[in-house]
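Next comes just one chain, in structure tokens: the form predicted alone.
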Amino acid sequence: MYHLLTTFSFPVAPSAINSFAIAVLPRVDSMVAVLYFALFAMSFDFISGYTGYLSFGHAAFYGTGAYAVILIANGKVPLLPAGTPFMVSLLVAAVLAGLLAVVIGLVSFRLSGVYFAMITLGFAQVLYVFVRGWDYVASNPRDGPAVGSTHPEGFEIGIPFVDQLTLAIGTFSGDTVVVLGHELGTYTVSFYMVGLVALVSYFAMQRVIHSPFGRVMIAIRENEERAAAIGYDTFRYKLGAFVISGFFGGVAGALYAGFSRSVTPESTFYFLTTGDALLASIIGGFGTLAGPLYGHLFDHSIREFLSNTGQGGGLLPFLRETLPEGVLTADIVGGLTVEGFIGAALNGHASLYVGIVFVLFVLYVPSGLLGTLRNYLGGSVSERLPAKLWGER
């Protein structure tokens, strides 16, 4: 789609459409990060959006998954050598995150509302402080560990021990593939392989939501006392949902570590990591599961578009291509040109504009992007959109 919108010669204003697509759409190297973090945001939405319990400490599972992969690759986990296949490491990391969710959930689900949110946040902060001072993970734990010489090759996604069915991910250590004479670079291969794991994880969570277990989760969100009154053990259902959510949060963290080959406490266990997942869920639509993917993509695109240091095209290069030079160099006041004013307004202020967008979404689009679309269509997008476009059959 990116290639089509940026290179196709449209019948009307092709260069303007191409330039706008380059300015707005993130490039494939950015999309890899969008995918694994979107999976983490979906795992956050799985528990917070479907049971109504805000897990402000969800970063603990993301960090556990990420650190577990790096420690296994460095041979620092007993019984798991440095050459352990990545898919095995990913599964181990996810199970560890799930077990951590059991421990945190057993304590936290004795509370509800803001107290639940605060106690989960407390657990995550304890782990954050712990890993920042844990010498075993790295010589300088504040900077976080990186994959060492014990695992020089890229982390492979696919079927373990079958070379023909695995491809390595990573910026420098990833595989390249030639398909129909067209070479796919390391970023493109990583995009498809990380996307494959994210897609399988999404379908697994979607299957749970549409099962009887998922209907009880929604019943707890709507009225927990009524769900308990008709005989459901709500504590066990909440704990089960929390463990599933933690498991896939660990998968997301493992993908992050597998692609970047290094992690830091700030990028994993820090509470703002959960804040970004909350932002993606609110923009995309709380309780929609797929919504956080679109929410994070929207958030990422806005940051890139309004940043003069981002990897995407950005607003300023787009204006340089579409506006006459006389407009950009026009003097506003005191020698300040239009281009200079826009550059100063954008310089390091992308987060400020994202904050404004966030406030506007909360006020005027409370159901988020996907939730609003569902409300408009009157049901599931996958079911109602084809009927809306081509009519009922």
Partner chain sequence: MQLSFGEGLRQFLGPDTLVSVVVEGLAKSAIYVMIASGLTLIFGLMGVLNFAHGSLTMIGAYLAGLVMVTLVGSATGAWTRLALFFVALAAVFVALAFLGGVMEVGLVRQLYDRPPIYQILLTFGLTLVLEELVRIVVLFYGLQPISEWRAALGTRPAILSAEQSIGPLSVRGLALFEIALGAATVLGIWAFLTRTRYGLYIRAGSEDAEMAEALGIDVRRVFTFVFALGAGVAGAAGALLMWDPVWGANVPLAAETLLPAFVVVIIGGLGTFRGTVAGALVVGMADATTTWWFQNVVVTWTWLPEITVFLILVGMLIVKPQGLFGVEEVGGH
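Numbering follows the first chain given and starts at 1. Predicted, not measured: the structure shown is a model, and the values here were computed from it.
Omitted from view is the form predicted in complex with the partner chain, to which the following refers.
Could you confirm whether residue 203 comes within 4.5 Å of the partner chain in the predicted complex, counting heavy atoms only? No, no contact at 4.5 Å.
Residue 207 within 4.5 Å of the partner chain in the predicted complex, heavy atoms: Outside the cut-off, so no.
Does residue 271 reach the partner chain in the predicted complex, with heavy atoms at most 4.5 Å apart? Yes, contact at 4.5 Å.
State yes or no: in the predicted complex, is some non-hydrogen atom of residue 275 no more than 4.5 angstroms from a non-hydrogen atom of the partner chain? Contact check for residue 275: yes, within 4.5 Å of the partner chain in the predicted complex.
Can you confirm whether 195, 197 and 380, the three residues that make up this candidate site, all sit within 4.5 Å of the partner chain in the predicted complex, judged by heavy atoms? Looking in the predicted complex, the three residues 195, 197 and 380 all stay beyond 4.5 Å of the partner chain (heavy atoms).
Thinking of the partner chain in the predicted complex, which stretch from 263-271, 75-83, 169-177, 229-237 has heavy atoms inside 4.5 Å of it? Flagged stretch: 263-271.
Just to be sure I understand the contacts: of 111, 102, 184, 218, which is the one whose heavy atoms reach within 4.5 angstroms of the partner chain in the predicted complex? Of the candidates 111, 102, 184, 218, 111 is the one lying within 4.5 Å of the partner chain in the predicted complex.
Looking at 94, 297, 121, 244, which has any heavy atom no more than 4.5 Å from the partner chain in the predicted complex? So the residue touching the partner chain in the predicted complex, by this definition, is 121.
Scan 352-383 and write down, in order along the chain, each residue with a heavy atom lying within 4.5 Å of the partner chain in the predicted complex. Those in contact are 352, 355, 356, 358, 359, 362, 363, 364, 366.
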